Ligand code: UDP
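In structure tokens, one chain follows: the form predicted on its own.
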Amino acid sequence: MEKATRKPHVLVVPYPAQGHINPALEFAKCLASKGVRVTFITTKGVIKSAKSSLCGLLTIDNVSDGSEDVKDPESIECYFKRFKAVFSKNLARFIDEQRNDAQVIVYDSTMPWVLDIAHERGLLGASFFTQSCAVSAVFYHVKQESLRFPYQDSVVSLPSLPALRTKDLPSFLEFMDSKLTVPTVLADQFSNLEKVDWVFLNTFDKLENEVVDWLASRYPIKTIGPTFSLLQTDKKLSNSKKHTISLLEPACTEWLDSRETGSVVYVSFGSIASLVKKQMEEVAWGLMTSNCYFLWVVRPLEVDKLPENFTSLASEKGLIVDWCKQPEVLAHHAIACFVTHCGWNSTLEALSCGVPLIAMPQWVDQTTNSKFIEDVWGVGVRVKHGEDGIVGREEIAMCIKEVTQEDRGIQLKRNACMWKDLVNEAVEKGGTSANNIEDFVSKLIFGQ
């Protein structure tokens, strides 16, 4: 009875980047809503930069990763070496000094060394993958050396995945160094996964059923996503959208309320990707050429890449903001489609809201996600690049027209709404993701 009535305690440790923090935080909030005591541990830099309002739902703590002491630009290799050395040491010290009763550390899969910290202290370890299962499987094959980077073949055939062309595989051109640091870090997600106690994936069974089953035959895989949707049906936590960590300033979206249903093209390339000036100009004129209303998120450091006086020229048709609450925007009745870099969080949020996509991937997993968006899930179109690598304004305008006005767009919208229903099915009571989380919590309370 004592074991059954104790309140379990879980440490959640995300990688300190917006796209990794958000899904981990949503999962942490879901656990907290089920009576689990959760300590969310991030870096001093994130806490300093974040705009957060957690309303007592979780405990937030931080440890240093050494970034506050870095004065000069670091190479990719030096960054990861410093991050691992400093953060792992300080995380271990934090756990030792707290002398808490934590049972499990849920850690980002890109930090496999956290598992050693957990097991050395008698804690269980749960690796949390924030990318799609398909992309994770690709990195598994890179780790096993059955797929080599740089890629050798023009078309790759991997178990449980569709045929992937080079342009469909994860791209690392923006992060290349002589040590292949980023591909190695991502392949190393599987370096000790056979020792892990749980593997959580921010996806749901029906979205990636074949590759989920394939990977689950090798590791203790549990799908728990989309984590963004986990609390949406919990009336007791109807204000859960207030519990956020944002590294960027939210902007008002009231402009949408004055637009008709399905009349606005939403455009965002995420929190990190930086388009070259020529590409920004082509996007700008492509939006104007489409003659649709548009809401475009342009980060402050990117504004000078816009055509001269574009904000005023576009004022009758478009609104340019430095950030917005994307899930709320995508759920707005005015949104017709989403021009996106195809980051996994953005992809899941669009699927959760039944919004068709125009895929304009930039790097890493986004190229693979765009393949699935167009050819597997049937919820979007993928832009075509010119010989100079730039997507032209005519191509952008044509894709917008195809998705918003032509017959194919009707089918894309129908498919998107089907996936929206399947998202709800997965996260609602009795759904696969909901059941996997209930099973996890039950094992924490009653023991293994």
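Residue numbers run from 1 along the displayed sequence. It should be emphasised that the depicted structure is a prediction, and the values quoted were computed from it without experimental measurement.
Another form exists, predicted in complex with this ligand; not displayed. Remarks below refer to it.
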Can you confirm whether 203, 227 and 432, the three residues that make up this candidate site, all sit within 4.5 Å of this ligand in the model of the complex, judged by heavy atoms? no
Partner-facing stretch of 108 to 116, 157 to 165, 176 to 184, 269 to 277, counted where any non-hydrogen atom is within 4.5 angstroms of this ligand in the model of the complex: 269 to 277
Tell me, out of 134, 297, 353, 264, which residue has a non-hydrogen atom within 4.5 angstroms of this ligand in the model of the complex. 297
So which of 286, 170, 343, 125 gets a non-hydrogen atom within 4.5 Å of this ligand in the model of the complex? 343
Would you please decide whether residue 327 lies within 4.5 angstroms of this ligand in the model of the complex, comparing each non-hydrogen atom pair? yes
I'd like to check something about residue 208: if you look in the model of the complex, is any of its heavy atoms closer than or equal to 4.5 Å to a heavy atom of this ligand? no
Would residue 366 count as a contact of this ligand in the model of the complex, using a 4.5 angstroms cut-off between non-hydrogen atoms? yes
Even though this ligand is not shown here, does residue 94 get within 4.5 Å of it in the model of the complex, heavy atoms only? no
